[in-house]
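As a starting point, one isolated chain is supplied in structure tokens, in the form predicted alone.
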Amino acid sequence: MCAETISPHRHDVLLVIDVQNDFCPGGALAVPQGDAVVPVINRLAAGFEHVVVTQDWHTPGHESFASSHPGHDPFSEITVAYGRQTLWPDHCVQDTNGAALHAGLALPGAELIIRKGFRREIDSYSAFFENDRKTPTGLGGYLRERGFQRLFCVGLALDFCVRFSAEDARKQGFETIVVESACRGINLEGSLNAALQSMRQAGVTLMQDAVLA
């Protein structure tokens, strides 16, 4: 994998997305090789002055859980108030071990944790907006008020939360880079390739790997 050299500066942020136990091997919604991102993220984080972290933070009985819809299986789709919604296994339930950040993450400089998906009736993939595409998490305002300009996105899963976070970052006017070596995808019915194509079209820079200058 070809690595590009990066030199983070004071207007850059490393955005670490949903590296939680339930998305890692053994978790309720495990992303294949999800824990492989941890050492890569730790290596990158050592070079960033500014780090922001997100967590999926669902209520019990969340609308996006298949268990909340008798007769529907995980990974099927239903129509909800804001459109089509994939139904997931119960995951990242508030104050459970599955919702905790992976214990191997070393992010002592993390300045903010954004919790998303805590409204029972609305799922949330993006670090910027809930899935109704109208309800903000507050991250955009925080980044602008702090004067940040460029985001490096890493984490889980590449084809869902990383994708929507990166695309929304571009819509919010931030230069946005996704470091693929620090991400893993679910690849649900071709969602991985679709995500990569969509991010490119949205103006997101895809970087296979990165090393610090």
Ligand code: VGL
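These figures come from a predicted structure and were not determined experimentally. Quick note: we count residues from 1 along the sequence shown, nothing fancier.
Omitted here: the form predicted together with this ligand. The next part is about that form.
J.: Which among 172-180, 156-164, 34-42, 140-148 is in contact with this ligand in the predicted complex, heavy atoms within 4.5 angstroms?
T.: Correct option: 156-164.
J.: Please tell me whether any heavy atom belonging to I186 falls inside 4.5 Å of a heavy atom of this ligand, as the geometry stands in the predicted complex.
T.: Yes, I186 sits close enough to this ligand in the predicted complex that at least one of its heavy atoms falls within 4.5 Å.
J.: Is there a heavy atom of L29 lying 4.5 Å or less from a heavy atom of this ligand in the predicted complex?
T.: The answer is yes: L29 has a heavy atom within 4.5 Å of this ligand.
J.: Wondering, does W88 line up within 4.5 Å of this ligand in the predicted complex on heavy atoms?
T.: Residue-level check for W88: yes, a contact with this ligand.
J.: Using heavy atoms and a 4.5 Å limit, would one call Y125 a contact residue for this ligand in the predicted complex?
T.: Y125: yes, in contact with this ligand in the predicted complex.
J.: Any residue of 25-61 with a heavy atom within 4.5 Å of this ligand in the predicted complex counts; write them all down in order.
T.: The stretch touches the partner through L29, D56, H58.
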